[in-house]
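Just the one chain here, laid out as C-alpha cells, in the form predicted on its own.
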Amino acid sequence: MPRRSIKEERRTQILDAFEICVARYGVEGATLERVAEEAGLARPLIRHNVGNRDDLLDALLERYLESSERSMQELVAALPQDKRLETLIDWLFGPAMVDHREVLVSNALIAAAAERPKLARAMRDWTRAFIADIARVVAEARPEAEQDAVEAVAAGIAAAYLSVESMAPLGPMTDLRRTSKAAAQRLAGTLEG
C-alpha cells in the first residue's frame, strides 16, 4: 500500500486542527491563526494545503457528513436481526454514542448555518438522512404501521436523541438521557399492534 503524501498528511493535520478550533471557538472563532497554532504550522501552510477559511469549512463539512453517514450505516448494519428498533434506541441513548467534539462541531455548524445557505442546506439534508435511517429501522420493526406514523416516530426519536446530544458538553446528563430514552421507547411503543 503506498504511503500517503505529505500534502495529504498536512491536509488531515490541518482539518483536525480546524475541527478542534470549531469545537472550541465555533466557526467564526476558528481563525486561521488559531488553526495554524493548533496544527503547529505556519499560516501560509494552511492556505497552501487546504485554502482559505471557506475552503476549510467546506472540507470540514464534507468530512463531518461523510463520517456521520458512515457511523450511522455501521450502527444500522450492526443491529441484531431480533429487536432492531429496541436495540437502536438502547444504542442511541447509551453513553457510548457520546462524542463531545462531534457534538460541538455539529452545534457550531448548525449555528453558523444561519449566515450560510449552502451550510444550512447541507445540515438540513444531514438531518433528513438521519431521520430516514431511523425510519427504515422503525418500518422494518413495525411493517404493519402506516408510513406517516413511522415517519412521526422516527422524527420523535431523532429529535429526542439530538436534543440530548446537544447537551453533552454540559457534562453528565444521566437523568435527561434516561428519560429521553424512555420517551423514545414509549413513542416506538405507539406503533405496536
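Note that this is a predicted model, so its numbers are computed, not measured. Each residue number is its position in the shown sequence, starting from 1. C-alpha atoms forming the largest set that superposes within 1.5 Å between two forms make up the rigid core.
Unshown form predicted together with another copy of the chain; subsequent notes refer to it.
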(message) The chain here is shown without another copy of the chain. Which stretch in 40 to 48, 135 to 143, 55 to 63, 158 to 166 comes within 4.5 angstroms of it in the predicted bound form, by heavy atom distance?
(response) 158 to 166
(message) Considering non-hydrogen atoms and a 4.5 Å limit, does another copy of the chain approach residue 114 in the predicted bound form?
(response) yes
(request) Evaluate residue 12 for contact with another copy of the chain in the predicted bound form, applying a 4.5 angstroms cut-off between non-hydrogen atoms, and reply yes or no. (result) no
(message) When the contact criterion is heavy atoms within 4.5 Å, does residue 127 count as touching another copy of the chain in the predicted bound form?
(response) yes
(request) Please check if residue 7 has a heavy atom lying within 4.5 Å of any heavy atom of another copy of the chain in the predicted bound form. (result) no
(request) Would you give me the residues of 17 to 48 that have any heavy atom within 4.5 Å of another copy of the chain in the predicted bound form, in order from first to last? (result) 24, 25, 28, 29, 34
(request) Superpose on the rigid core, then tell me if the C-alpha of residue 88 is displaced by 2 angstroms or more between this form and the one not shown. (result) no
(message) Core superposed first: is there a CA shift of 2 Å or greater at residue 109 between this form and the one not shown?
(response) no
